[in-house]
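Next up: just one chain, as structure tokens, the form predicted on its own.
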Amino acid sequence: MMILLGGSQMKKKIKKLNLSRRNFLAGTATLAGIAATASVAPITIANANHSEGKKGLPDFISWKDRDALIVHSDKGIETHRSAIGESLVTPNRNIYIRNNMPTMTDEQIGNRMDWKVSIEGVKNPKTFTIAQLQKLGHETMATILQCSGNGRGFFKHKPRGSQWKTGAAACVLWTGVPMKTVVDACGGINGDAVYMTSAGVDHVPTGLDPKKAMIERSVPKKVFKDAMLAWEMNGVPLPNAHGGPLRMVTPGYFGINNVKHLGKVAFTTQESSVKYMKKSYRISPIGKKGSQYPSCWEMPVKSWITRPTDETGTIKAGKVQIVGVAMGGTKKVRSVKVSVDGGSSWKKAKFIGPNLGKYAWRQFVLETTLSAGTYNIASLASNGSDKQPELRMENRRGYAHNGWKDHSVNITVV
């Protein structure tokens, strides 16, 4: 088991996750069709009725598919494995929920087109309404939306927070204006800027101290080249529950950096000093915490099996389709291998479906023949320079887990 001994060792592990150039996708008819399906269509979970006898959904997401979701709390709701892999783009009604602040209501938001975002730390600071942003540019791109703690449920020391396994992740089509276009409209970035700092306003209705409640995240300045101010999610106006009416999208970076209910973007010389930047979402050794440890920024390469799983039901001997999803983090995922014997041997899987760009995940499949018995099925992805490790990276809050062993599944074939 890998143990974290200090910040310098941790930084070496995190350092190699570098953000690449942007990969915006044109709004083609094909993408529009995918988005329309993703925005409304439920996924059928074979041989399962997960919602029966279980706690219902909170009112603010009553429109979601309860049968596809696992309710940890009103702020932490994940997607079943089997409700992820059957669709390249995750339908809105199946996408996980992770909130630090209460979702803003329609009344608090007001007229969506009048929603304002200020741009600071640029040559000509400006405030834009969504209506004005829509006149600047209009692009669509696919990215992975993933909570920093996805996989926390595998950690033996049971870190505080929702015990996610694989379901705090989704592949989403965002529509909005590239951040670079907005920056250009403001005359460019000030020369001394080091970070792009995004701030939400969902703390305002709570009346809490902004230093403790504001969701404000700083990321390296270079991220603006790929970032987007998004007002649409999978072909429909951005739902309030997912940060509507405007959200920062930072491709390849963990979900917390994709700030919801966006009210300000500033190019700054220092990282934000609020709680959710300075103290929270830091990858620290067990028993330690502090701002000296790496922040949850870039996502690592990762994959997992979505079918068959222990939710699938009886699996008959013979030909079996092993299906999963794989992501490359900030780089294109290049290959996936699958093992049916717990990692003793591996076979190359093939990618299926359209390639929506390096920031989206790819579905993969391996067709194999299995006789009666018990199998441990695992997947191992590579982006060319990095591949999934076998074991998790032990840390206090259970962040950035991409070890393939924990994410494997056990099945019985009869």
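In case it trips you up, residue 1 is the first one in the sequence shown, and so on. Remember, it's a predicted structure, so these values are computed and weren't measured experimentally.
The protein also exists as the form predicted together with a small molecule; that form is not presented, and the subsequent description refers to it.
Contact annotation: the small molecule lies within 4.5 Å of heavy atoms from the stretch 91-99 in the model of the complex, the single such stretch among 91-99, 334-342, 176-184, 114-122. In the model of the complex, no heavy atom of Gly324 sits within 4.5 Å of the small molecule. For the chain shown alone, Pro308 is not a contact residue for the small molecule in the model of the complex, no non-hydrogen atom being within 4.5 angstroms.
At a distance threshold of 4.5 angstroms between non-hydrogen atoms, Glu298 is out of contact with the small molecule in the model of the complex. At the 4.5 Å threshold, heavy atoms of Gly328 stay clear of the small molecule in the model of the complex, well away from it. Checking Ala83, Ile215, Met196, Val249 against the small molecule in the model of the complex, a heavy atom within 4.5 Å turns up for just one residue: Ile215. Screening Leu133, Val219, Ile256, Ile144 for any heavy atom within 4.5 Å of the small molecule in the model of the complex leaves a single hit, Ile256. A decrease of at least 3 Å in the separation of the C-alpha atoms of Arg160 and Val204 is found in the model of the complex, compared with the displayed form.
Whereas the shown form places them at one spacing, the Cα atoms of Gly161 and Pro205 lie at least 3 Å closer in the model of the complex.
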